[in-house]
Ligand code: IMP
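The chain below stands alone and is given as structure tokens, in the form predicted on its own.
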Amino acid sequence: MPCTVVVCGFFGDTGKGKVISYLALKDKVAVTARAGVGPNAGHTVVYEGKKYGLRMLPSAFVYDKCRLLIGPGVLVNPDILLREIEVTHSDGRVGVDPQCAIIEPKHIQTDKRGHLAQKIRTTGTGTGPCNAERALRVVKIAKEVPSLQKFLTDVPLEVNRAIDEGKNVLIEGTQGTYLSLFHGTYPYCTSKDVTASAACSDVGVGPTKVNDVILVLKAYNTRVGAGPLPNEISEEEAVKRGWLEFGTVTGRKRRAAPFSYELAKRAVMLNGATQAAITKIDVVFPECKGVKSYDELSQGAKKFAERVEKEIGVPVTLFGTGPGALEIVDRRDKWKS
């Protein structure tokens, strides 16, 4: 059953977009289904000299034969989706489930004031208020939106057919384990669960259809907005280490901290991870920039990877060594053998 779920093990911002775009190109993925909350998640893809900041479209768009689907559990902002389809020239490959809930201007307005804006410091994209209306069963859904009519498709049916036919399928998670409404740092979290189980539910795939869960970890931790971040360092120290980043969706500065083995280990448990990817290894170990084989990684990077594997109990099979989609060390074949 060639179905892989890709999720983040920390607070988002770990480079899922990079990992998914690499897997799509390398494995010639037939179908990628976007799970998660909605346009409050930003995935960055760098490919062929261009940088894309995606909030709705699956990061697998870089492989031009991949079918790009948005599962019924995902909230859709039609304006953002249509703009991303145009920018990525993906028209004809995109499918939206008729049951996707629609973010309207009123949701965005609510998200930008009061408790959500001042205490939780959300992205202001309307996802929380939209999910609240969905729970109340009063929200508008995709089949009611004229601009989405040509994209409507039964996403669970498409995804399950592809799996049953032996095609490579990816389920693209969003946000991070510790932003989950159930397993995260409540109340400083997103408006639904975002672990691997939820990602499967979002696209209509049962747990017996999944054969791998890749947990994406960054070589250090970052977080946007309010909420705890264990062992957080100062902005000055983050700049010194080269760890100062800005959010894809909001442009806000990300807070930073060293890699947390404790959080990574718990994320493996919560997601049922079978393997892990570590991104931005080149930021912590600059000598690894652009490296394409494990043997070329520095001793420091290898030692770090070995400790991660020992602590979390699953193999680290992918290492991000630069921003480009193909700047990755891939050890999956060695692990399987």
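Note that residue numbering begins at 1 and tracks the sequence as displayed. A quick note: this is a predicted structure, and the numbers were derived from the prediction, not measured.
The same protein also exists as the form predicted together with ligand IMP; that form is not shown, yet it is the one meant from here on.
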query	finding
Per-stretch contact check against ligand IMP in the model of the complex, the hit in 150 to 158, 137 to 145, 205 to 213, 225 to 233 (non-hydrogen atom, 4.5 angstroms)	225 to 233
Joint contact, 121, 175 and 252 to ligand IMP in the model of the complex, by non-hydrogen atom at 4.5 Å	yes
In the model of the complex, the residue from 256, 179, 171, 103 that sits within 4.5 Å of ligand IMP by heavy atoms	179
Contact test in the model of the complex: residue 189 vs ligand IMP, heavy atoms, 4.5 Å	yes
Partner proximity in the model of the complex: residue 22 to ligand IMP, non-hydrogen atom cutoff 4.5 Å	no
4.5 Å heavy atom contact, residue 12 and ligand IMP in the model of the complex	yes
Residue 127, heavy atom within 4.5 angstroms of ligand IMP in the model of the complex	yes
Residues from 16 to 44 in contact with ligand IMP (non-hydrogen atom within 4.5 Å) in the model of the complex	40, 41, 42
